[in-house]
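We begin with a single chain expressed as structure tokens, specifically the form predicted on its own.
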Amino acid sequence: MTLMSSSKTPSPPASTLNFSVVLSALVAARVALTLTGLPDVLRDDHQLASPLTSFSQLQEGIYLFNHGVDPYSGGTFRHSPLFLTLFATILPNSPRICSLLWTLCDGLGAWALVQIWRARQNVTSSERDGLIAAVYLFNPYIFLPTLALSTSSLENTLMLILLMFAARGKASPALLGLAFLVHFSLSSIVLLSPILLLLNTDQFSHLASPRPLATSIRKVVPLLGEFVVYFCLLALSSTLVSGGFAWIPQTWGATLMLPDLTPNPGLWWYFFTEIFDHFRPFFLMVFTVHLLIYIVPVCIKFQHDALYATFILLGIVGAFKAYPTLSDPGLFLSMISLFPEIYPYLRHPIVTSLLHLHAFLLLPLFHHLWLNQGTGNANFFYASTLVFACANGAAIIDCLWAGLRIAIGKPVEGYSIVQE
């Protein structure tokens, strides 16, 4: 009798299969939302799409581009030439098909967020995967801009993908993704330092055991050079596509000079509507520098955990960039699910949650009273954006506190912590 040995292909873990089923169900539910009338209602909502991310303006630019007219000559088209090229040649620009494309991109972003979680925990799967995907896909700050076809949703997906590559130590894809992201949204340059730091350290949690940076700054120089090469190549490609340099002041220049004062959930538009023109250059400089001053302190304080530093700076960019939409702070809030170790150290999570709920209800209400019903004015909507800014600031401060406090441990009765 001959004994035959048969080799069996190992089956994937049950948790991996469960996550695949959960993710498919979540994406299917999101696809069902796109079949309703919501996308048509939300498409031009100022809270969900800014002049730099509006799908309607992207379609207008595509029409002009296809008919031989420079879309940047009119001073209203502010999308990147790369977006213009992709949607004019390869990708469809029909609203119905784009609704499906945007939803699939959100599904890809949820998958990338789970991969970042797995890399941080050094596991191949976990029971928390489905929860993390659900937190992202059903965050109203995420799926409402997607229904409105705001290109900020595509930028969020790109951000998560490049973070996934950085967490896995794949420098070239991460830096290329970051070059694309900065090209689409100039404010994302704030994230360059923590991404370089992440590529030179590791992705694991060191919040509870901080230690000085154990890598040489010299290792950053080749990575920085690689990023500059990618960025310059993309800029050259954009110049060739658009036939000149007119796209630069209309895209990157809009972030710095704020030529379009269309209302949005941010803090810039109303301030520069009311300010005297001769003070405008000074305050443009102040607002821009204010966004940059956080880079060095955050990277130094969280040098032991570069992924957490990236997370904090993402929240700051979402709160203080020139043309934000709801999806910008939405990405920050969704990424809180990656750091469950900080939950016991959050000081005011209920207050922060209620502030966001309050702002989420006030923003559309006051927007409708002002622009649709005509019974309010700009102060109504700006008051709701101030509440929204307070909610974002409270979340950032709470996460900063928890990230620093975790190294000290839980308070002990009868003892207090003082700084000498």
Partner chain sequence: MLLLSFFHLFLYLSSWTWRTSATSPDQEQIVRDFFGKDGSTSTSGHTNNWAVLVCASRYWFNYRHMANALGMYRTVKRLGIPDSNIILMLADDASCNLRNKFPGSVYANPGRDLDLYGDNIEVDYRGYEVTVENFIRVLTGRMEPSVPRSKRLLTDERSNVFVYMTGHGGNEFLKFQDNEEISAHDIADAFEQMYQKKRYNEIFFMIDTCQANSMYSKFYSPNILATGSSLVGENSYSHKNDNDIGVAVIDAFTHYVLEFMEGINKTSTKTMQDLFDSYDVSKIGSHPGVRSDLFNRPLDRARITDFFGNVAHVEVTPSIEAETPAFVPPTTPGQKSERAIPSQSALPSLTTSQPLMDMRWLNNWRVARAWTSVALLGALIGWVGLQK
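Values in this document were obtained by computation on a predicted structure and should not be read as measured data. Positions refer to the first chain, counted from 1.
Heads up, the form predicted together with the partner chain isn't pictured, but that's what we're talking about next.
- Residue L176 is the only one of L284, V220, L176, I248 with a heavy atom lying within 4.5 Å of the partner chain in the model of the complex.
- Contact with the partner chain in the model of the complex, judged by any heavy atom within 4.5 Å, is made by just one of S237, S337, N93, S126: S237.
- Proximity of K170 to the partner chain in the model of the complex falls within the 4.5 Å heavy atom cutoff.
- At a distance threshold of 4.5 angstroms between non-hydrogen atoms, S242 is in contact with the partner chain in the model of the complex.
- Proximity of T85 to the partner chain in the model of the complex: non-hydrogen atoms within 4.5 Å are present.
- Not displayed here, the partner chain is approached by F65 to within 4.5 Å at the level of heavy atoms in the model of the complex.
- Contact with the partner chain, judged by heavy atoms within 4.5 Å in the model of the complex, is confined among 256-264, 227-235, 320-328, 149-157 to 227-235.
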